[in-house]
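Before any questions on how it binds or moves, here is one chain, the form predicted on its own, in C-alpha coordinates.
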(Lines give C-alpha, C1' and ligand atoms only; values in the text may rest on other atoms or scores of the structure.)
Protein backbone atom coordinates (compact mmCIF):
# COMPACT_ATOMS: atom_id res chain seq x y z
CA UNK A 1 0.00 0.00 0.00
CA UNK A 2 1.19 3.57 -0.72
CA UNK A 3 2.43 5.51 2.30
CA UNK A 4 1.52 9.01 3.45
CA UNK A 5 2.80 11.55 5.93
CA UNK A 6 0.93 14.41 7.57
CA UNK A 7 2.35 17.94 7.63
CA UNK A 8 2.73 17.57 11.40
CA UNK A 9 4.74 14.39 11.01
CA UNK A 10 6.84 15.94 8.23
CA UNK A 11 7.84 18.64 10.69
CA UNK A 12 8.46 15.94 13.31
CA UNK A 13 10.73 14.15 10.82
CA UNK A 14 12.73 17.35 10.30
CA UNK A 15 13.05 17.89 14.06
CA UNK A 16 14.17 14.29 14.56
CA UNK A 17 16.78 14.53 11.81
CA UNK A 18 18.14 17.78 13.26
CA UNK A 19 18.25 16.25 16.75
CA UNK A 20 20.23 13.30 15.40
CA UNK A 21 22.84 15.64 13.93
CA UNK A 22 21.86 15.79 10.26
CA UNK A 23 21.94 19.05 8.35
CA UNK A 24 18.41 19.58 7.09
CA UNK A 25 17.87 22.10 4.28
CA UNK A 26 14.48 23.20 3.03
CA UNK A 27 12.48 26.21 1.81
CA UNK A 28 12.06 28.82 4.54
CA UNK A 29 11.22 32.50 4.80
CA UNK A 30 14.28 34.75 4.50
CA UNK A 31 13.10 38.34 4.66
CA UNK A 32 10.81 38.88 1.69
CA UNK A 33 12.09 35.77 -0.11
CA UNK A 34 11.85 32.02 0.22
CA UNK A 35 15.23 30.27 0.12
CA UNK A 36 16.57 26.76 0.58
CA UNK A 37 18.41 27.16 3.88
CA UNK A 38 19.37 25.02 6.91
CA UNK A 39 16.43 24.39 9.20
CA UNK A 40 16.48 24.41 12.96
CA UNK A 41 14.11 22.27 15.01
CA UNK A 42 10.66 23.84 15.04
CA UNK A 43 11.21 26.10 12.01
CA UNK A 44 8.37 26.32 9.53
CA UNK A 45 8.69 25.09 5.95
CA UNK A 46 7.36 27.30 3.17
CA UNK A 47 5.59 24.89 0.83
CA UNK A 48 3.60 27.34 -1.27
CA UNK A 49 6.24 28.77 -3.61
CA UNK A 50 9.41 27.95 -5.50
CA UNK A 51 12.48 29.24 -3.60
CA UNK A 52 14.22 32.23 -5.14
CA UNK A 53 17.49 30.34 -5.63
CA UNK A 54 17.94 26.71 -6.57
CA UNK A 55 18.96 23.85 -4.29
CA UNK A 56 22.35 23.39 -6.01
CA UNK A 57 24.00 25.29 -3.16
CA UNK A 58 23.69 22.14 -1.04
CA UNK A 59 26.24 20.45 -3.33
CA UNK A 60 27.99 23.40 -4.94
CA UNK A 61 28.18 26.32 -2.47
CA UNK A 62 28.29 29.92 -3.62
CA UNK A 63 31.75 30.19 -2.08
CA UNK A 64 33.81 27.58 -0.25
CA UNK A 65 37.33 27.31 1.13
CA UNK A 66 39.33 24.45 -0.34
CA UNK A 67 42.59 25.04 1.58
CA UNK A 68 44.25 27.47 3.96
CA UNK A 69 47.90 28.43 4.27
CA UNK A 70 50.06 30.12 6.88
CA UNK A 71 53.73 31.12 6.79
CA UNK A 72 55.74 30.51 9.93
CA UNK A 73 59.32 30.07 11.05
CA UNK A 74 59.35 26.53 9.65
CA UNK A 75 58.01 27.55 6.26
CA UNK A 76 54.55 27.55 4.70
CA UNK A 77 51.98 25.19 6.15
CA UNK A 78 49.09 24.21 3.89
CA UNK A 79 45.93 22.70 5.37
CA UNK A 80 43.51 21.00 3.00
CA UNK A 81 39.82 20.97 3.82
CA UNK A 82 38.72 17.37 4.39
CA UNK A 83 35.46 16.62 2.53
CA UNK A 84 34.92 13.61 4.82
CA UNK A 85 33.89 16.13 7.52
CA UNK A 86 30.87 17.32 5.53
CA UNK A 87 27.66 16.49 7.46
CA UNK A 88 24.95 14.06 6.48
CA UNK A 89 22.30 16.21 4.81
CA UNK A 90 18.62 15.87 3.96
CA UNK A 91 17.08 18.25 1.43
CA UNK A 92 13.35 18.59 2.12
CA UNK A 93 10.50 19.78 -0.11
CA UNK A 94 12.70 20.12 -3.18
CA UNK A 95 10.79 20.98 -6.35
CA UNK A 96 11.20 18.60 -9.35
CA UNK A 97 13.09 21.22 -11.39
CA UNK A 98 15.67 21.41 -8.58
CA UNK A 99 15.78 17.71 -7.72
CA UNK A 100 16.60 16.78 -11.33
CA UNK A 101 19.60 19.13 -11.53
CA UNK A 102 22.23 17.24 -9.46
CA UNK A 103 21.87 14.23 -11.75
CA UNK A 104 22.75 16.54 -14.64
CA UNK A 105 25.70 18.11 -12.81
CA UNK A 106 27.14 14.74 -11.75
CA UNK A 107 28.58 14.33 -15.24
CA UNK A 108 30.75 17.44 -15.23
CA UNK A 109 31.93 17.09 -11.61
CA UNK A 110 33.16 13.54 -12.23
CA UNK A 111 34.44 13.93 -15.80
CA UNK A 112 38.16 14.65 -16.33
CA UNK A 113 38.56 15.48 -12.63
CA UNK A 114 36.74 14.08 -9.61
CA UNK A 115 35.56 17.05 -7.56
CA UNK A 116 35.63 15.48 -4.10
CA UNK A 117 33.85 18.45 -2.52
CA UNK A 118 30.83 18.04 -4.81
CA UNK A 119 30.90 14.24 -4.81
CA UNK A 120 31.13 13.90 -1.04
CA UNK A 121 28.16 16.20 -0.56
CA UNK A 122 26.18 14.24 -3.15
CA UNK A 123 26.98 10.95 -1.43
CA UNK A 124 25.91 12.29 1.96
CA UNK A 125 22.68 13.95 0.82
CA UNK A 126 19.18 12.53 0.56
CA UNK A 127 16.58 14.46 -1.44
CA UNK A 128 12.91 14.55 -0.47
CA UNK A 129 11.14 15.95 -3.50
CA UNK A 130 7.77 17.72 -3.59
CA UNK A 131 5.35 17.80 -6.52
CA UNK A 132 4.18 21.19 -7.77
CA UNK A 133 0.45 21.94 -7.73
CA UNK A 134 0.74 25.43 -9.19
CA UNK A 135 2.88 27.12 -11.82
CA UNK A 136 3.29 30.63 -13.17
CA UNK A 137 3.91 31.97 -16.68
CA UNK A 138 7.69 31.49 -16.33
CA UNK A 139 7.57 27.75 -15.56
CA UNK A 140 8.39 25.48 -18.51
CA UNK A 141 9.61 22.16 -17.04
CA UNK A 142 7.30 20.18 -19.34
CA UNK A 143 8.88 21.88 -22.38
CA UNK A 144 12.29 20.32 -21.55
CA UNK A 145 11.02 16.84 -20.76
CA UNK A 146 10.32 17.06 -17.02
CA UNK A 147 7.03 17.59 -15.21
CA UNK A 148 5.58 19.02 -11.97
CA UNK A 149 5.29 15.44 -10.70
CA UNK A 150 8.73 14.27 -11.92
CA UNK A 151 10.48 11.97 -9.43
CA UNK A 152 13.87 12.06 -11.21
CA UNK A 153 16.58 13.00 -8.72
CA UNK A 154 14.47 12.49 -5.60
CA UNK A 155 15.04 9.70 -3.08
CA UNK A 156 11.64 10.16 -1.48
CA UNK A 157 8.87 11.98 -3.33
CA UNK A 158 5.91 13.77 -1.75
CA UNK A 159 2.66 14.50 -3.54
CA UNK A 160 0.15 16.79 -1.77
CA UNK A 161 -3.18 15.12 -0.97
CA UNK A 162 -6.57 16.76 -1.28
CA UNK A 163 -7.36 16.18 2.39
CA UNK A 164 -3.97 17.38 3.63
CA UNK A 165 -0.67 15.64 4.06
CA UNK A 166 1.37 13.95 1.34
CA UNK A 167 1.51 10.64 -0.48
CA UNK A 168 5.04 9.24 -0.15
CA UNK A 169 6.94 7.30 -2.81
CA UNK A 170 10.37 5.76 -2.23
CA UNK A 171 12.25 6.34 -5.50
CA UNK A 172 15.70 5.02 -4.58
CA UNK A 173 17.33 2.69 -2.06
CA UNK A 174 18.33 5.77 -0.06
CA UNK A 175 14.66 6.76 0.06
CA UNK A 176 13.58 3.26 1.12
CA UNK A 177 16.05 3.41 4.01
CA UNK A 178 14.62 6.76 5.15
CA UNK A 179 11.11 5.34 4.97
CA UNK A 180 12.10 2.26 6.98
CA UNK A 181 14.15 4.14 9.57
CA UNK A 182 11.36 6.56 10.42
CA UNK A 183 8.44 4.24 9.71
CA UNK A 184 6.58 5.43 12.84
CA UNK A 185 5.95 8.78 11.11
CA UNK A 186 4.40 7.30 7.96
CA UNK A 187 0.92 5.83 7.62
CA UNK A 188 -1.12 4.14 4.94
CA UNK A 189 -2.33 6.48 2.19
CA UNK A 190 -5.65 4.67 1.86
CA UNK A 191 -8.04 6.26 -0.62
CA UNK A 192 -6.76 9.82 -0.25
CA UNK A 193 -6.51 11.49 -3.67
CA UNK A 194 -3.50 13.56 -4.76
CA UNK A 195 -4.03 17.16 -5.76
CA UNK A 196 -3.79 17.70 -9.53
CA UNK A 197 -0.30 18.66 -10.71
CA UNK A 198 0.49 22.13 -12.00
CA UNK A 199 0.16 22.85 -15.69
CA UNK A 200 3.14 24.89 -16.94
CA UNK A 201 2.46 26.77 -20.16
CA UNK A 202 4.10 26.41 -23.53
CA UNK A 203 4.60 23.67 -26.07
CA UNK A 204 7.17 20.94 -25.60
CA UNK A 205 10.45 21.86 -27.24
CA UNK A 206 12.04 19.69 -29.89
CA UNK A 207 15.46 19.68 -28.28
CA UNK A 208 17.10 17.67 -31.09
CA UNK A 209 15.80 20.24 -33.58
CA UNK A 210 17.13 23.09 -31.46
CA UNK A 211 20.52 21.42 -31.19
CA UNK A 212 20.65 20.92 -34.96
CA UNK A 213 19.98 24.64 -35.46
CA UNK A 214 22.69 25.53 -32.93
CA UNK A 215 25.12 23.21 -34.73
CA UNK A 216 24.62 25.21 -37.92
CA UNK A 217 24.18 28.78 -36.68
CA UNK A 218 27.23 29.86 -34.71
CA UNK A 219 27.22 33.20 -36.54
CA UNK A 220 23.46 33.80 -36.52
CA UNK A 221 22.29 37.44 -36.18
CA UNK A 222 19.96 36.18 -33.42
CA UNK A 223 22.84 36.42 -30.92
CA UNK A 224 23.28 40.14 -31.54
CA UNK A 225 19.52 40.75 -31.32
CA UNK A 226 19.48 39.24 -27.82
CA UNK A 227 22.77 40.85 -26.78
CA UNK A 228 21.38 44.30 -27.58
CA UNK A 229 19.21 43.79 -24.48
CA UNK A 230 21.38 41.55 -22.25
CA UNK A 231 22.96 43.42 -19.33
CA UNK A 232 25.49 40.68 -18.59
CA UNK A 233 24.50 40.73 -14.91
CA UNK A 234 24.74 36.97 -14.39
CA UNK A 235 21.43 36.71 -12.49
CA UNK A 236 20.27 33.94 -14.82
CA UNK A 237 23.37 31.82 -14.13
CA UNK A 238 23.39 32.37 -10.38
CA UNK A 239 19.72 31.35 -10.01
CA UNK A 240 19.88 28.42 -12.45
CA UNK A 241 19.86 24.89 -10.93
CA UNK A 242 22.26 23.60 -13.62
CA UNK A 243 24.76 26.41 -14.30
CA UNK A 244 28.08 25.49 -12.72
CA UNK A 245 30.84 27.91 -13.77
CA UNK A 246 33.28 28.77 -11.00
CA UNK A 247 36.56 30.55 -10.35
CA UNK A 248 39.35 29.76 -7.89
CA UNK A 249 41.23 32.56 -6.13
CA UNK A 250 43.83 32.87 -3.39
CA UNK A 251 42.76 35.44 -0.81
CA UNK A 252 44.83 36.84 2.03
CA UNK A 253 48.38 38.06 2.56
CA UNK A 254 51.86 36.63 2.21
CA UNK A 255 51.60 35.47 5.82
CA UNK A 256 48.27 33.64 5.69
CA UNK A 257 45.17 33.17 3.59
CA UNK A 258 42.87 30.75 1.85
CA UNK A 259 42.16 29.34 -1.57
CA UNK A 260 38.45 29.64 -2.36
CA UNK A 261 36.15 28.36 -5.07
CA UNK A 262 33.35 30.79 -6.00
CA UNK A 263 30.54 30.86 -8.52
CA UNK A 264 31.21 32.62 -11.81
CA UNK A 265 29.16 33.14 -14.97
CA UNK A 266 29.95 32.97 -18.68
CA UNK A 267 27.87 36.12 -19.14
CA UNK A 268 30.42 38.23 -17.27
CA UNK A 269 32.69 40.34 -19.45
CA UNK A 270 35.91 39.11 -17.79
CA UNK A 271 34.97 35.42 -17.63
CA UNK A 272 37.22 34.47 -20.56
CA UNK A 273 39.75 37.29 -20.19
CA UNK A 274 43.27 35.86 -20.69
CA UNK A 275 46.36 36.93 -18.76
CA UNK A 276 47.64 38.34 -22.06
CA UNK A 277 44.68 40.70 -22.21
CA UNK A 278 43.03 38.84 -25.09
CA UNK A 279 39.36 37.96 -24.58
CA UNK A 280 37.87 35.46 -27.08
CA UNK A 281 34.35 36.40 -25.96
CA UNK A 282 34.84 40.14 -25.81
CA UNK A 283 31.28 41.13 -26.72
CA UNK A 284 27.91 40.29 -25.16
CA UNK A 285 26.56 38.55 -28.27
CA UNK A 286 29.40 35.99 -27.99
CA UNK A 287 28.70 35.51 -24.31
CA UNK A 288 24.96 34.98 -24.69
CA UNK A 289 25.62 32.63 -27.60
CA UNK A 290 27.87 30.60 -25.34
CA UNK A 291 25.17 30.40 -22.67
CA UNK A 292 22.64 28.89 -25.10
CA UNK A 293 25.23 26.73 -26.83
CA UNK A 294 26.49 25.37 -23.52
CA UNK A 295 23.02 24.49 -22.28
CA UNK A 296 21.63 22.91 -25.44
CA UNK A 297 24.63 21.88 -27.56
CA UNK A 298 28.04 21.61 -25.86
CA UNK A 299 26.85 19.73 -22.76
CA UNK A 300 24.73 17.50 -24.97
CA UNK A 301 27.71 16.80 -27.23
CA UNK A 302 29.85 15.78 -24.25
CA UNK A 303 27.41 14.18 -21.83
CA UNK A 304 24.13 13.57 -23.67
CA UNK A 305 22.21 15.93 -21.35
CA UNK A 306 20.97 19.51 -21.54
CA UNK A 307 21.58 22.12 -18.85
CA UNK A 308 18.04 23.32 -18.24
CA UNK A 309 15.23 22.03 -16.04
CA UNK A 310 12.65 24.67 -16.97
CA UNK A 311 12.41 26.25 -13.51
CA UNK A 312 11.87 29.71 -15.01
CA UNK A 313 14.03 31.55 -12.47
CA UNK A 314 16.09 33.23 -15.20
CA UNK A 315 12.88 34.52 -16.80
CA UNK A 316 11.55 35.96 -13.54
CA UNK A 317 14.84 37.57 -12.54
CA UNK A 318 16.08 39.02 -15.84
CA UNK A 319 16.14 42.82 -15.42
CA UNK A 320 15.63 43.39 -19.16
CA UNK A 321 12.97 40.72 -19.74
CA UNK A 322 14.90 38.13 -21.76
CA UNK A 323 12.82 34.94 -21.82
CA UNK A 324 14.90 31.85 -22.59
CA UNK A 325 11.76 29.86 -23.39
CA UNK A 326 10.75 32.47 -25.99
CA UNK A 327 14.26 32.31 -27.50
CA UNK A 328 14.05 28.52 -27.68
CA UNK A 329 10.56 28.72 -29.17
CA UNK A 330 11.93 31.01 -31.87
CA UNK A 331 14.77 28.60 -32.65
CA UNK A 332 12.34 25.66 -32.50
CA UNK A 333 10.21 27.31 -35.19
CA UNK A 334 13.05 27.92 -37.64
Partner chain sequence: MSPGPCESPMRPQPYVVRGVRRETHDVFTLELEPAGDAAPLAFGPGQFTMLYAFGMGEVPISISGDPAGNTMLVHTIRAVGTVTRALERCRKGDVLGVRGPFGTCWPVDEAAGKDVVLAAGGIGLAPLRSVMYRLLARRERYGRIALLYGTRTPEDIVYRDELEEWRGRLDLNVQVTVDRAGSDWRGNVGAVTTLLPRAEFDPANTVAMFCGPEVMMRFTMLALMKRGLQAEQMYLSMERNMKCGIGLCGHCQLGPFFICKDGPVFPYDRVKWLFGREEI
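Residue numbers count along the first chain shown, from 1. It should be emphasised that the depicted structure is a prediction, and the values quoted were computed from it without experimental measurement.
Below, we refer to the form predicted in complex with its partner chain, which is not included among the displayed structures.
Shown alone, this chain has one stretch from 217 to 225, 127 to 135, 167 to 175, 192 to 200 that lies within 4.5 Å of its partner chain in the predicted complex by heavy atoms: 217 to 225. For residue 34, no non-hydrogen atom is located within 4.5 Å of its partner chain in the predicted complex, even though that partner is not displayed.
In the predicted complex, residue 305 stays away from its partner chain, with no heavy atom inside 4.5 Å. Interface residue remark: residue 150 is not counted as part of the site for its partner chain in the predicted complex, having no heavy atom within 4.5 Å. The closest heavy atom approach of residue 276 to its partner chain in the predicted complex falls within 4.5 Å.
The putative spot formed by 66, 245 and 270 is fully lined by its partner chain in the predicted complex; each residue has a non-hydrogen atom within 4.5 angstroms of it. In the predicted complex, its partner chain lies within 4.5 angstroms of at least one heavy atom of each of the following residues of 275 to 309: 275, 276, 280, 281, 286, 289, 290, 294, 298, 301, 302, in sequence order.
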